[in-house]
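The form predicted alone is given below as one chain in structure tokens.
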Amino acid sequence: MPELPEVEALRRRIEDGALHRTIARVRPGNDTAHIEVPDAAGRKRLEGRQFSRATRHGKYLFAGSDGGPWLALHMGMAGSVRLYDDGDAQPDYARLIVEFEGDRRLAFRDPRKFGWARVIDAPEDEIAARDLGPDALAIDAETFAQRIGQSRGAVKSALMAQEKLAGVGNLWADETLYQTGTHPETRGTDLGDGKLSDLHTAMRRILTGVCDTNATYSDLPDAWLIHRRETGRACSRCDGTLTSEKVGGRTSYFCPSHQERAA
């Protein structure tokens, strides 16, 4: 599932290739049954406008202008944004097409149909409607400590709770816990101030590092957990062996040797 760094890479893609172009037409793509895309009235609101900004909050992507309207996108399990030119083959699984004056085209692609696209007035309205917490790259250490440290549940689940902080999913929650030596089932209330500070610092460093590669995992350091998410693999931080457990309904990979449970 695309998380904050993956969606940030898509935001940059729009920023680099789709801003300040007049929208000539917005049309449905192929096989739009059972997926939310804008209706004719919503699509019409975008036509004649330009995207002057592309923004992101957590896993949510927005393209629009200060006065609105905005195109809001959520990638679901496997969604993405593709830019291409008229005459090129339309991307497969394209559910919505934005045609700009000239040759440029933008496609919202979603093979599994768990994502959605809609036309909204402002990103702030969508963020509030979905009760999203602060963006994981913008949250300060004090707010992070309050939101994660007051959780009576597993820290892994708290990191992934979008109402606490927006943008972290399974992969980067596991990576943050791995690099800070924190067991995923440790309760937030059992974390001291020092550990909470370490988690905040590591989370921001990890997310920034992935964003710097435009979410190209092969460019990430070899010692990261992302390269060894298999039970039985050797830990890169100690002499331990990786294992996995379900935490909050999600499979968590960790090293029980250096990610010890809180006493």
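Throughout, we count residues from 1 along the sequence that is shown. Quick caveat, the model's predicted, so the values are computed rather than measured.
The following text describes the form predicted together with the DNA, which does not appear among the structures shown.
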message: So the DNA isn't shown here. In the predicted complex, which residue out of P134, P91, G76, G181 has a non-hydrogen atom within 4.5 Å of it?
response: G76
- line: Of A154, I127, A122, A141, the only residue with a heavy atom within 4.5 Å of the DNA in the predicted complex is A154
- prompt: Even though the DNA is not shown here, does K113 get within 4.5 Å of it in the predicted complex, heavy atoms only?
  reply: yes
- request: Consider E8 of the chain shown here, and say whether it contacts the DNA in the predicted complex, taking contact as heavy atoms within 4.5 Å.
  value: no
field: Interface membership of K164, the DNA in the predicted complex, 4.5 Å heavy atom rule
entry: yes
message: Since only the chain is shown here, I'm wondering whether R250 would be in contact with the DNA in the predicted complex (any heavy atom pair within 4.5 Å).
response: yes
- prompt: For the spot marked by P2, Y60 and G169, is every residue within 4.5 Å of the DNA in the predicted complex through some heavy atom?
  reply: yes
- prompt: Hey, which residues along 198 to 237 are within 4.5 angstroms of the DNA in the predicted complex, non-hydrogen atoms only?
  reply: Y217, R229
